[in-house]
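Single chain ahead, by itself, as structure tokens, in the form predicted alone.
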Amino acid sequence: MGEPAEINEIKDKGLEIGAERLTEDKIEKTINSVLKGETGARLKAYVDTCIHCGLCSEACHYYLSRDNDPHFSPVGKVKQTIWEMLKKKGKVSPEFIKKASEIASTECNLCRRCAMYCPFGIDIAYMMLIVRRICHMLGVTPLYIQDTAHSHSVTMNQMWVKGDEWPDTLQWQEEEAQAEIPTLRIPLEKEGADVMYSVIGPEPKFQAQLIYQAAVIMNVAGIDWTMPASSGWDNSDMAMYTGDNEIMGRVKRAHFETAARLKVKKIVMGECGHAFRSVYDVGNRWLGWRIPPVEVVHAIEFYHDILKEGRIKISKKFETPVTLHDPCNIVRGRGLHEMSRYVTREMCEELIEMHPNREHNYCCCAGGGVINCGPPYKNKRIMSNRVKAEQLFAAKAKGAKVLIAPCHNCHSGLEDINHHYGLGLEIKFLMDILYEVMDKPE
């Protein structure tokens, strides 16, 4: 397995230009405003409790992949960012803020694996999000992910999909699917349906076949479903990862208000981890809702239920041996590891587990907004997940030929690792396999 060349200094206009505009007075005021106005007992408990033991280090794929460099350990990243801000009471330089933004946004996936290994359960992802929030308030955020947040603000989706492009894509996919099932419809704006199906921006932009496959599954399973024709269809949210909580709140409110307007019983979300986290956990709490106002179900839960209820029959199991990736936001964050294995075993002849697995699985190194920071950081991201490549290589040595990654960011990040390290695995969503093996009408 080869190594990409390291880029010692990455030029990012979002960081460079943002830092040039700062004054030390503005930095001090902004840091203290966020620390005093937006944090409280939780941050104080974490800072006061940490004993600098370093047990979190062995949990981090950055640390393990970088030959145990302490700068890449979770506690090392905290020491280089928020602890310095606290210790100096906000009196830090523009250069410090630029570096802190790069560390928080491109050297931590907020995967929370480290919290499982901390003897006190300290949530370092929470502290990195505070750093991102401070950097956002100072206007120092990586350029590519900031552009995505702008897309959320302007179009209410992350891919600059224009208003008429969305229903046009749905009509196109409906027509494609009707060649297979003539009576199939993608119901738009159907009031009172049991399910509103929502997806992330890249699906209509780059992966429209997933909408096609979902429509076939819904149709064959006899689901009473709908999709919105206007904004509110995109469940993704990169603003959550830039620290722009205000835009995050707008996007989540639009999503829930669309479901409420259509009077659906629940939202079924496609295979995406960060979007699920933003809808069921982060966005709703920022809006002041203790629990989401409409029930939210991830695709894995949906597949589990329709298979268990016999709504979908398997005509012939997928014969190629598979291994299964556990996405952080729906396994550590939601506990769907056994459901995903039930679905996989129902569809596939042979599941070869990678190790460690379930909630102990290594992150894909793409989530938490890291892949959205764009091409400047691609080599850093690939270098920082050598341990994942080794984990996949071991599963391949046992016979796995297909890698199931039931999350968009995981899928994309693992593709990069797969190609660079020459693993030769085929990467699929659960939906890809379900569509292939399910019993469809003649």
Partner chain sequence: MIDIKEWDWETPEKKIVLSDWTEKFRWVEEPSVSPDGEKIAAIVKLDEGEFNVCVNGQTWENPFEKIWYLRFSPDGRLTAIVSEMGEWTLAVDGIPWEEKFAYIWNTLFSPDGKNIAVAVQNDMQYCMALNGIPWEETYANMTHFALGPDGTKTAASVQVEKTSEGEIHKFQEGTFTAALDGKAWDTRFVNVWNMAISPDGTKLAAEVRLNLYDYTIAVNGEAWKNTFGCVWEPVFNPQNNAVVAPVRVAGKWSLAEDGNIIWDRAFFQLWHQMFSPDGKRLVAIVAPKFGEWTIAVDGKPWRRTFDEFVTDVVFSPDGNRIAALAKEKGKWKITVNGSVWTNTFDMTWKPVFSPDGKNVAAKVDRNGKYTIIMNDRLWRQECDELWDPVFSPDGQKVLVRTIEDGTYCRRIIPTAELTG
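Positions refer to the first chain, counted from 1. Please read all numbers here as calculations on a predicted model, not as lab measurements.
Only in words, not in the display: the form predicted together with its partner chain, which the text now covers.
K.L.:
Even though the partner isn't displayed, in the model of the complex is residue 246 close enough to its partner chain, meaning a heavy atom within 4.5 Å?
P.N.:
Contact with its partner chain, yes.
K.L.:
Taking its partner chain as it sits in the model of the complex, is residue 250 near enough to touch it, meaning that at least one heavy atom pair lies within 4.5 angstroms?
P.N.:
Yes, residue 250 sits close enough to its partner chain in the model of the complex that at least one of its heavy atoms falls within 4.5 Å.
K.L.:
Any chance residue 182 has a heavy atom within 4.5 Å of its partner chain in the model of the complex?
P.N.:
Answer yes; at least one heavy atom of residue 182 falls within 4.5 Å of its partner chain in the model of the complex.
K.L.:
Would residue 342 count as touching its partner chain in the model of the complex under a 4.5 Å heavy atom rule?
P.N.:
No, no contact at 4.5 Å.
K.L.:
Among 108, 199, 131, 264, which has at least one heavy atom within 4.5 Å of its partner chain in the model of the complex?
P.N.:
By the 4.5 Å criterion, the partner-contacting residue is 264.
K.L.:
Of 147, 350, 305, 84, which one comes within 4.5 Å of its partner chain in the model of the complex, counting heavy atoms only?
P.N.:
Flagged contact: 147.
K.L.:
Among 365 to 373, 308 to 316, 342 to 350, 186 to 194, which stretch has residues whose heavy atoms lie within 4.5 Å of its partner chain in the model of the complex?
P.N.:
After filtering at 4.5 Å, what remains is 186 to 194.
K.L.:
Only counting heavy atoms and a 4.5 Å limit, does any residue of 161 to 180 reach its partner chain in the model of the complex, and if so which ones?
P.N.:
Residues within 4.5 Å: 162, 163, 164, 165, 167, 168, 171, 174, 178.
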